[in-house]
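The chain below stands alone and is given as structure tokens, in the form predicted on its own.
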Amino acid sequence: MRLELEHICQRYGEQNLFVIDKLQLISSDAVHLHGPNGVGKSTLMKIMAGLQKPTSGEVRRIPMVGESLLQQAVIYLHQNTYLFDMDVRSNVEYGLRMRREKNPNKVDQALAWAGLEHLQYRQAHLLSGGERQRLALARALVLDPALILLDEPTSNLDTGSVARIEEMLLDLHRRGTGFLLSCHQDNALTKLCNKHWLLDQGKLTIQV
């Protein structure tokens, strides 16, 4: 899938937060979005995911050849991982239920992929920070997304958890899912990225 943004302006009151003339993200990309606090990185990611409308401009999702409608999801993962008040397995099943798709084998595979099969009947709120992030990725995986947008995915995680998330993102990328991640500092995840975007002073710069 190709995600295109055109003539995007996000304004609060009389002040522009950012203006982006043109931007493209495709499912083969691995992008690091960075910039100072308060410049609108999270807002931009929510606009890209369709969770928030910009003040003006257009966001288009253009299917790639051979791509089904079910492979066009753009999923945003919040910095403070939002999990439903239910057990781990039910959290993974949730998106499939919304699609009216029953596929226990797919859920089993996602749990194993995230290393959470032994915790599948534990209440999600009892998980550690790293386990919560892995559950969020497993919940995304079952929906075969084209793109995943991760907002500060390494926040408050230990080195071992970051390494596990790194492996999962690499595997997702091999499966054809592109990702964009917002991180304040370079780390193991930002080193996976082949593109770097800087959002600062109301403008987005694509860096080499």
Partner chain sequence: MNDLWTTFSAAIGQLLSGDPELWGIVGVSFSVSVSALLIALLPALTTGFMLAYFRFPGRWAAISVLNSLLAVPTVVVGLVLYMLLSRAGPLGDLNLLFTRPAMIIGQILLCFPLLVAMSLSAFQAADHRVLETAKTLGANPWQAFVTLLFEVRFALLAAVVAAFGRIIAEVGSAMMVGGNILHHTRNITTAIALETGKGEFVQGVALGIVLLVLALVLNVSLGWMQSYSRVLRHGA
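Numbering follows the first chain given and starts at 1. Here the structure is a predicted model, which means the values were calculated and not measured.
If you look for the form predicted in complex with the partner chain, you will not find it shown, but the lines that follow are about it.
Practice task
Identify, from the list Arg164, His173, Lys46, His34, the residue with a heavy atom within 4.5 Å of the partner chain in the predicted complex.
Solution key: Residue within 4.5 Å of the partner: Lys46.
Problem - Exercise: Val107 in contact with the partner chain in the predicted complex, heavy atom 4.5 Å - result: Result no; Val107 lies far from the partner chain in the predicted complex.
Exercise for the section: May I ask you to state whether Ala112 is within 4.5 Å of the partner chain in the predicted complex, using heavy atom distances? Expected result: Ala112 lies outside the contact set for the partner chain.
Exercise for the section: May I ask you to state whether Gly130 is within 4.5 Å of the partner chain in the predicted complex, using heavy atom distances? Expected result: Looking in the predicted complex, residue contacts with the partner chain do not include Gly130, since no heavy atom lies within 4.5 Å.
Handout entry: Tyr121 within 4.5 Å of the partner chain in the predicted complex, heavy atoms
Key = Judged by the heavy-atom cut-off of 4.5 Å, Tyr121 is well away from the partner chain in the predicted complex.
Practice task
Run the contact test on Tyr76, Thr81 and Met98 with a 4.5 Å heavy atom cut-off to the partner chain in the predicted complex and return yes or no.
Solution key: The answer is yes: all three residues contact the partner (heavy atom, 4.5 Å cut-off).
Exercise for the section: Using the arrangement in the predicted complex, list in sequence order the residues of 118-146 with any heavy atom within 4.5 angstroms of the partner chain. Expected result: Stretch hits, in order: His125, Arg139, Leu143.
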